[in-house]
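Below you'll find only one chain, the form predicted on its own, shown as structure tokens.
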Amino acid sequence: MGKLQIFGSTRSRAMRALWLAEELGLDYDQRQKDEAGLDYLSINPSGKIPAIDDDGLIITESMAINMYLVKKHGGALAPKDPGEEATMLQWTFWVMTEVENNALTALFHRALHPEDQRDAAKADQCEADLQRPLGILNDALANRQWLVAERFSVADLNVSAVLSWVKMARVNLDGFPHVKEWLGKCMARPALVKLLKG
């Protein structure tokens, strides 16, 4: 049986799959799409990362990868029943549709683009557009520590991985104390700290 291959750099959407692999204690190789001798387009025709090769099974899209890995390997991060699975999927789809685009755009225009390519007004608009979803998440966390059940799960990992871009984009979270506290706990997970130090 071949070792799990995860394609993509830690400072990209691949971080989500790498973090989960660390949480699950998986034996994997991290590979880059531009490494010598690799025809990455044969793995993912879109050319985007991440992708995984799990003993010949190719999966692309970060959140699909994470739901596959957690369902295959189980443990505390995995859903225990169909209701938990649906709720974990709900939060995973929600963060991709309601948060990711604005978070990434704000991050580019406040930190990643060269100074002369940054548009402060665009970043500010993204922050304004994030207020409603951040409020929804804050309300959901008002009386609970984690998003699903009473444990850290793949839902928390998926959502906080996207929310980490909000933090890096210097979006003010002071008005969302429950989000701020929860995100701090997620970002302090030993598996993530280990990954980011590696």
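What you are looking at is a predicted structure, and each value in this text was computed from that prediction instead of being measured. Residues carry their position along the shown sequence, with the first being 1.
This next part talks about the form predicted together with a small molecule, which is not shown.
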Would residue 49 count as a contact of the small molecule in the predicted bound form, using a 4.5 angstroms cut-off between non-hydrogen atoms?
yes
Answer with yes or no whether residue 61 is in contact with the small molecule in the predicted bound form, where contact means some heavy atom within 4.5 Å.
yes
Does the small molecule come within 4.5 Å of any heavy atom of residue 96 in the predicted bound form?
yes
Where, among 166 to 174, 146 to 154, 125 to 133, 61 to 69, do residues come within 4.5 Å of the small molecule in the predicted bound form by heavy atom distance?
61 to 69
